[in-house]
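Only one chain is shown below, in C-alpha cells, and it's the form predicted on its own.
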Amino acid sequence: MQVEALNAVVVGAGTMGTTLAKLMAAQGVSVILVDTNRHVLETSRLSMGESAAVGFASELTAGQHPDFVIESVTEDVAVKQQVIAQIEASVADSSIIMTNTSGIPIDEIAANMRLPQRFLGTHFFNPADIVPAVEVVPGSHTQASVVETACRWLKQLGKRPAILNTCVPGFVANRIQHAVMRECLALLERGVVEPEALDDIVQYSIGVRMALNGPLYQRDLNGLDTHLNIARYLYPDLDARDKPAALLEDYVAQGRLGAKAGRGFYRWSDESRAQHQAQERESLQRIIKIATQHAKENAS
C-alpha cells in the first residue's frame, strides 16, 4: 500500500539518507535528496539506479513546502544545528522537521530553532529501507499533533514507530546495544571467550529469540522469579565501568575500525564486506517477515 501523495526532503546523502530516500520513493513519496558534497550526491545517485524516483540537489532552496524534512547528517550537534537552521530558513512553517540522530538529545539540536514545536527525532535503523522499527523522540517543545502526524506517516511507509516518553542520551536501542557490548568487551578482556565463540553464543541464543520476542516478553515466558534469582547473584559480577573498555580504545588507536578499515575483531576485504552486506539485506527481509508473522499469530 502506497502512502498518500506527499512531498519530502532528506538532507544528507550518506548511507542512511540514501536508504531513506529510496524507502520514500518506493512508497510513492515525492522526495528530494540534498547534499552539499557533489561526490557524495553522485555516489548516492549511482547506488539507487535509474529506477528510483528521487530528485537530487546540492543545496536547499528557499520557498519549499515539503510535508516532511529529515536531517540525516553527521552525528555532531553543531553541524546538525547549522543544518536545521538552513532547513528552517528554506521550508514553510507547516513542514514537520525531523532529525535522524541516533542518540543526541533532541532539545540540544533544537536549541536555536524558531519553531521547535514542529521538530522531533525519528531514529531509523540501518538499512533504513528494510528495518521496521523507528524510535520517535519528541523534544520538550514538540507538539503532540506533530508526533501523531509523524507516526501516521511512518506507519504508511511500513515502519513501526515506537514513541519515547522521555528523551535520554542514546534513546533506547543504543543504550541497550552499548550495555550488551560493554559486557561483551569485558568478557574478551578477561579472556573468558574468544570473539568467534562469543558471536556464536549471542547470535544463536539471545539473537534468534530476540527476533521473535522482545526482552520483556521473553522474561514473562521464562518467569520473572527465575530472572530475579539469577539477577541477585549475577549483577555484582557484571561489568559496570562508566568509561569505554581499554580493548576498544586500543583497537581504535591502532586503526582497527572494523569492516571499513579491513580489520576490527575480524579481518575484512572489500569483497567480503560487500558480500556480507548483500547477504544481510536478504536475510533481514526473511527474518522480518517471520517475526511479523509470529507477532500476528500471537495477537490472534
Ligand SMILES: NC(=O)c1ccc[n+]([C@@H]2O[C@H](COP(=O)([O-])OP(=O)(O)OC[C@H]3O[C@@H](n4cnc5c(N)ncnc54)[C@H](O)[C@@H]3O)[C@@H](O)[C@H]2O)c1
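All of these numbers come straight from a predicted model, not from anything done at the bench. A residue's number is simply how far along the shown sequence it sits, counting from 1.
Although not depicted, the form predicted in complex with the named molecule is the subject of the following passage.
Figure note: of the listed segments 251-259, 230-238, 29-37, 266-274, the one touching the named molecule in the predicted bound form, with heavy atoms no more than 4.5 Å away, is 29-37. Remark: residue 159 does not count among the residues lining the named molecule in the predicted bound form, judged by a heavy atom distance of 4.5 Å or less. Within this chain, residue 16 lines the site of the named molecule in the predicted bound form, having a heavy atom no more than 4.5 Å away. A residue is said to contact a partner when one of its heavy atoms sits within 4.5 Å of a partner heavy atom; residue 123 meets this definition for the named molecule in the predicted bound form.
The named molecule in the predicted bound form comes within 4.5 Å of no heavy atom belonging to residue 97. Between the options 102, 81, 213, 143, the residue in contact with the named molecule in the predicted bound form by a heavy atom within 4.5 angstroms is 102. Of the residues given (93, 225, 75, 194), 75 alone sits with a heavy atom within 4.5 Å of the named molecule in the predicted bound form.
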